[in-house]
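The chain below stands alone and is given as structure tokens, in the form predicted on its own.
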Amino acid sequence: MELMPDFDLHRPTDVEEAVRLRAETEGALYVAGGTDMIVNVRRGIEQPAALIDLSSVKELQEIVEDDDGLHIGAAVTLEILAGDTRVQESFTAVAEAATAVAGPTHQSYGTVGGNLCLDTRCLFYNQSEWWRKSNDYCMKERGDICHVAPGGKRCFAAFSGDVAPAALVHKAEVDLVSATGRRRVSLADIYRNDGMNHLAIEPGELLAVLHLPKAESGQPSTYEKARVRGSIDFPLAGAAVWLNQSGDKIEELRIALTAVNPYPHLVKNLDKFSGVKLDDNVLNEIAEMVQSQAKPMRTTTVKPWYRRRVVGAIARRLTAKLSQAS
């Protein structure tokens, strides 16, 4: 690890002040828990001129419930999210995903917004400065080549957040705030299939609130990930599943993936299973569909083919689990 660089530290007390400071300060970054960002600063990956600490912004610390659903501030810790009984009962996959992040210490500091906006990761990117320099850097960081796919023209670093796929299957929305105003968008719309630029958020915008719609509450959902170690590690592959079933037939099935693409995303074409009896053949077909849309690359020490098979197996197992529970 490198020594921490010099930077200015701002501690705003409301969202409006935070986004104003960000607009006025070139090279500034937002920080809340900092469990991932500070590591990247120490590695020389991030070199901010200033940090805008969001820990004193009250709006970002709250979970509010109303007739529209649950509204979760971006600086709510993963520990609080995982332990909230309303989330556990009505949006189970989200609570399970928060519990799956790293270990208890990380969860006590890491935040909802940080996990949703987690930078993409790669074996050739998340390294020390001297390691990256000795390998001529990479396309994502001061280089011009992707070491994962040297003949390609794009970055394949993978998104590895846990909360995003769980929120996606519940049709979550987010508030994005900038100096020019606030807008609400679908969570799915803030991600791009681009390892270098995976967030479709305007410069200076702050993801302030995660909205879990009441219309999506109470439906069975679950999340699971594979990782090398049972704690600390980012997912090698992860899936969230949401199932609405009538008798033994599927009414609607949603599956979202993480760690197997540069962005978290909902699996497409699952509507073909609507009205279909859920049996072993259908479960196998679901697993194959998931595998076909997972595109892991050599971004970890674990082989891509293994991660592709694992994410299909996870989706199959979770779908069966929800079916048996309903």
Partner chain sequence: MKNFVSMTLNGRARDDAIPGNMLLIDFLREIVGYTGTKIGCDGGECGCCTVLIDGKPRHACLTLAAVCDGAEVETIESLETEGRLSAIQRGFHEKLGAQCGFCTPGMVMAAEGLLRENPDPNEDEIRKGMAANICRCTGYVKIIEAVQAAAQEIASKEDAA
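Numbering follows the first chain given and starts at 1. This is a predicted model, so every value here is computed, not measured.
This next part talks about the form predicted in complex with its partner chain, which is not shown.
At a distance threshold of 4.5 angstroms between non-hydrogen atoms, Pro104 is in contact with its partner chain in the predicted complex.
Asp53 belongs to the set of residues with a heavy atom inside 4.5 Å of its partner chain in the predicted complex. Shown alone here, Val228 lies farther than 4.5 Å from its partner chain in the predicted complex, counting heavy atoms only. When its partner chain is considered in the predicted complex, Arg11 lines it closely, a heavy atom lying within 4.5 Å.
Partner contacts here mean any heavy atom within 4.5 Å of its partner chain in the predicted complex, and among 290 to 298, 32 to 40, 265 to 273, 61 to 69 they occur only in 32 to 40.
For the candidate set Thr85, Ser134, Thr180, Ser108, a heavy atom within 4.5 Å of its partner chain in the predicted complex is found for exactly one residue, namely Ser108. Taking Glu216, Glu129, Asp194, Glu79 one by one, only a single residue has any non-hydrogen atom within 4.5 Å of its partner chain in the predicted complex, and it is Glu79.
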